[in-house]
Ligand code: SAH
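Here we start with a single chain on its own, the form predicted alone, put down as structure tokens.
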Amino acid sequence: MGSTAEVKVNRKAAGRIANGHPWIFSSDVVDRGKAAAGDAVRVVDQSGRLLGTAHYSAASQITLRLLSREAVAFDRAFLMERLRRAAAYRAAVVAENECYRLVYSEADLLPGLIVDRYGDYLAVQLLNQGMDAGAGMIVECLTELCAPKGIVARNDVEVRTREALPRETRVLVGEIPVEVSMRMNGLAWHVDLMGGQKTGIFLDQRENYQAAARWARGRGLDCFTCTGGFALHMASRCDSVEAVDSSGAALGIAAKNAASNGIGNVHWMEANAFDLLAGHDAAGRKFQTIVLDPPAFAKSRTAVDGAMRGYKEINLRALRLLERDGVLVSCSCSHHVSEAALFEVIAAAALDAGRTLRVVERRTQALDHPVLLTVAETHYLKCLIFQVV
């Protein structure tokens, strides 16, 4: 994984590194030297001053992802040190859960590497050419550190296409069962590591599930429920919960999760959430708790305007269904939509709906998905909780 190659970058790139951001774009590379795809290369400015060591991509617009501000080798010793630090952090912030994010890419100073732990199994994502080239070493280190029964590569993500890497799902170590059972937040969950959302389930909402449950009451509505994360947490506090998703397969797993926990007051519905909310409004239905956890509406900067219209529409429809003192949990996992922008669009929806909202919680992704202060891209999930007053 080492290389003697040196890549020269311009003043803009040097300033970006000095400001704490690990990405250098293709347009800021002055000389690629003898760098080959996946190499760990020395990065220097135009005067030859060392800026650090980075993984080099021969395909992506993000040509360099900084591993260190020093000259280092991307070898087993380096990787184990970073992995041990990541594991120590999770030991401090994750309690009584068998599933959590063990490595979160840039936030753990391992850009391009995701590792999620599901009990005795690991799911990894190798998101750039450097981490993909180091797959064998990464597996060896994870095996030593975690002694898993199996490791699966969930490399079925679009970002790998931009790295000229194949999109695939394959077992790297051991065997991966068709379904893995584990506990999260005191509840039993069935997880499909080979084909479930993200690497199996939505680990980033784990703490937000608990927050929503603290506020939940009465009749609940969980839109975009997927495998039932919010709905199953709310069930013990609500009289009933209506959980909606467009995926019948996801709802099948959700119903199985409910049965495993003896939860019988959740009604699962396969439907388009936008249409369902409009139908409930026309029918005069009312709820005391509503959760909106849609997929990312803005996957690029060019999609933000359309996304904001979508967020306003869905929040407007939900607010029309809420009774006084009712609670709205509204989420966005679009990195390109800031918390401030989400507040603004929900405020506009509230005005149109004639509702006054009290902000009761401002939340983000779970602590095992830490936010690196100088890397805005590590902060993507917003979870805002309001009460109608």
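The first residue of the shown sequence is 1; numbering continues from there. It should be emphasised that the depicted structure is a prediction, and the values quoted were computed from it without experimental measurement.
The following text describes the form predicted together with S-adenosyl-L-homocysteine (SAH), which does not appear among the structures shown.
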- Task: Examine Y100 and determine whether its closest non-hydrogen atom to S-adenosyl-L-homocysteine (SAH) in the model of the complex is within 4.5 angstroms.
- Result: no
- Query: According to a 4.5 angstroms non-hydrogen atom cut-off, is A273 in contact with S-adenosyl-L-homocysteine (SAH) in the model of the complex?
  - Reply: yes
- Query: Is there a non-hydrogen atom of F230 within 4.5 angstroms of a non-hydrogen atom of S-adenosyl-L-homocysteine (SAH) in the model of the complex?
  - Reply: yes
- Given that the partner is absent here, does W215 sit within 4.5 Å of S-adenosyl-L-homocysteine (SAH) in the model of the complex, heavy atoms only? no
- Note on the structure: Checked F202, F287, W268, Y104 for heavy atoms within 4.5 Å of S-adenosyl-L-homocysteine (SAH) in the model of the complex; positive is F202
- Note on the structure: Note: exactly one of S247, T143, N261, N185 sits with a heavy atom within 4.5 Å of S-adenosyl-L-homocysteine (SAH) in the model of the complex, namely S247
- Query: Based on heavy atom distances of at most 4.5 Å to S-adenosyl-L-homocysteine (SAH) in the model of the complex, which listed stretch, 75 to 83, 202 to 210, 133 to 141, 106 to 114, is the contact stretch?
  - Reply: 202 to 210
- Of 212 to 228, which residues get within 4.5 Å of S-adenosyl-L-homocysteine (SAH) in the model of the complex if you count heavy atoms? F224, T225, C226, T227
